[in-house]
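Just one chain follows, in the form predicted on its own, and it is written as structure tokens.
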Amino acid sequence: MDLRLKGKRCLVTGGASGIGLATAKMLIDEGCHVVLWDQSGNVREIAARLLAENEVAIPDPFTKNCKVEIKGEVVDVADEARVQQAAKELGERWGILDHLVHCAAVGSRRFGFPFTNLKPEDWVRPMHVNVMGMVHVAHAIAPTMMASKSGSMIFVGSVAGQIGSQTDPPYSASKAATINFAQCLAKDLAPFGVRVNTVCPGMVQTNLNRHVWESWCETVPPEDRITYEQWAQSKIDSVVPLKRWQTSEDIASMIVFLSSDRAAQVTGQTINVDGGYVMHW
């Protein structure tokens, strides 16, 4: 299926690893120009590697010989001033942004079952990065899309935002906010031809998922601890009807499809890529 994405200009936040990186690679495979934002200092190196892997070296995405442009910028989405600055630079470079994929997020790194294991300060960073980070990015990017009367935004949520995952209540609550704000954006931006959707992963082996296991280990005696693989497989067996992990590429495939013209009538939706997890609940 031709997704008609060739030449589109895409921004991926949280693009240095996990779902963000997998999405960036798929967009590049579709012929998109991609800018990666990530708080990690190695995002520029990752962008350079992607550029080398695609055997291109392009100073200007608008030259006739251009195949694809790939660039990495160190951006912490929790820093509103930096987000605005990076968005301004992006606008000066490209003028038009066709697609936003917002993957940047953090967990509390504390095991939150029961929630009294946490302290109120454990909520601050997840809520600021995941909720206000989304707000910062939306405020910085939406005006350009509204002016061009086109574009799409995909926000990565989580099934935890729908079922209330007890392992990390701050993360869970922040992802519920992600889903809700994306619906508000979809309603506000529809008159401008801009589509907004949320993709919710289920069980994906990312650093964030591993941090949940690490925080769980801190709450149990050493003799009761099990390996990450054992812990994760027990969760897969108990809550995922398809009985297998979702991969970053599984999530990226849905994101790329929703970004394309093949999903031109899809907006305001929350789509799970979870092996049936939420259905199970």
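Numbering starts at 1 and follows the sequence shown. For clarity, every value in this text was computed on a predicted model and none was experimentally measured.
Keep in mind that the form predicted in complex with a small molecule is not shown, yet the notes after this line are about it.
This chain lacks the partner; the member of 101, 134, 182, 75 within 4.5 angstroms of the small molecule in the predicted complex by a non-hydrogen atom is 75. Within this chain, residue 215 is remote from the site of the small molecule in the predicted complex, having no heavy atom within 4.5 Å. Remark: residue 272 does not count among the residues lining the small molecule in the predicted complex, judged by a heavy atom distance of 4.5 Å or less. Proximity of residue 24 to the small molecule in the predicted complex falls outside the 4.5 Å heavy atom cutoff. For the chain shown alone, residue 177 is not a contact residue for the small molecule in the predicted complex, no non-hydrogen atom being within 4.5 angstroms. Residues within 4.5 angstroms of the small molecule in the predicted complex, judged by any non-hydrogen atom, belong to 168-176 and to none of the other stretches in 86-94, 185-193, 113-121, 168-176. Taken together, the three residues 198, 254 and 267 all stay farther than 4.5 Å from the small molecule in the predicted complex, as judged by their closest heavy atom.
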